[in-house]
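Okay, so here's just one chain, in C-alpha cells, the form predicted alone.
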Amino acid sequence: MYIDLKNVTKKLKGSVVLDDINLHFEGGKVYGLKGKNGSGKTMLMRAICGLIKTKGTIDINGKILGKDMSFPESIGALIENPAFIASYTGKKNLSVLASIQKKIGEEQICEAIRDVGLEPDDKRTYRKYSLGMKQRLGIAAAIMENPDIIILDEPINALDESGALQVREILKKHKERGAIIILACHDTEELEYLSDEIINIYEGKITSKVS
C-alpha cells in the first residue's frame, strides 16, 4: 500500500495553500504533519481524501485520484470537528455510515466503539455527548472499516489522558495491520511519540522530513 504525491498544488482565492508537494507514504507507518495553523496540514489531508481538486497527481496504489477514482477506495478520516445526527445514538450513527459501503456489520461497529472507550449499548443520543465522547465517536467512524488509509486531524483534541492512551493503542493496532496513518496534532511531544516520520509544513511547502 502506498500514496505518492507529485507536484501537488492548490490555490484558494489567488493564494497558494499547497505549493508543489512531493511526498511518499507507505503502509505500516504513522506520518505526523507538523506546522502552525494555516500551514496547509488540513488542506493536504483534504487533498488525499479527494475532498478538494488539486494540480499534480495523487497516486494511490497505482490509481490516480480524480482520474481513476473520485475518492480513495479504502479510507477513514476525521478532519476538523466530527459531525453526526444529533437524535441518534453513537451506535446508530455508525450503523448509518456503515450501510453506505456495506463492508462491516454490527460486530465490527461495536468493536470500534469499544476501542475508543465508548459503550455500544449507551442509549444517550449524540446531542447529549460531551466533547470528548464526540471526538471518540469520530475516531471510531474513521477506523471501524479497517481502511487502508487513516487520516486523523487533531485526534486527541478534547480527550483526557485515558483517551490519549487509547488513541495510541488504536494507532498501534492499525499500523501493525499495514495501514497508512496520517495525523496532525498541536501537541508536538505527542506527535513525535506517535509518528514514525514527521513532515514539517510551512506556508504550504514541505520544509523537512524527519524519521
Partner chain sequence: MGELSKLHVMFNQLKLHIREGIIVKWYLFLTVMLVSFSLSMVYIFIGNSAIERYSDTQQLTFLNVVAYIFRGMQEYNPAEGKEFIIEDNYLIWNVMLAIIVGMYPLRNLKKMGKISLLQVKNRLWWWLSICLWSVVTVFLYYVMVYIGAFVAVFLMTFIMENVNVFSSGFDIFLLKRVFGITYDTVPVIFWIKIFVLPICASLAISGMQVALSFLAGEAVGYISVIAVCIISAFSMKPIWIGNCMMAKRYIEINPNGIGMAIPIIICLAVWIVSVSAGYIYFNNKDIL
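Since the structure is predicted, the reported quantities are computational estimates derived from the model, not experimental observations. Numbering follows the first chain given and starts at 1.
One more form of this protein should be noted, the form predicted together with its partner chain, which is absent from this view; the next part is about it.
When you look in the model of the complex, the only residue of Ile170, Met144, Ile60, Val30 with a non-hydrogen atom within 4.5 Å of its partner chain is Met144.
Every residue of the trio Met43, Leu51 and Val96 has some heavy atom no more than 4.5 Å from its partner chain in the model of the complex. In the model of the complex, its partner chain stays beyond 4.5 Å of every heavy atom belonging to Glu106. Proximity of Tyr129 to its partner chain in the model of the complex falls outside the 4.5 Å heavy atom cutoff. In the model of the complex, at least one heavy atom of Ser70 sits within 4.5 Å of its partner chain. In the model of the complex, Lys134 stays away from its partner chain, with no heavy atom inside 4.5 Å. Of all the residues from 78-108, those having a non-hydrogen atom no more than 4.5 Å from its partner chain in the model of the complex are Glu80, Ala83, Phe84, Ile85, Ser87, Tyr88, Lys92, Asn93, Val96, Leu97, Ser99, Ile100, Gln101, Lys102, Lys103.
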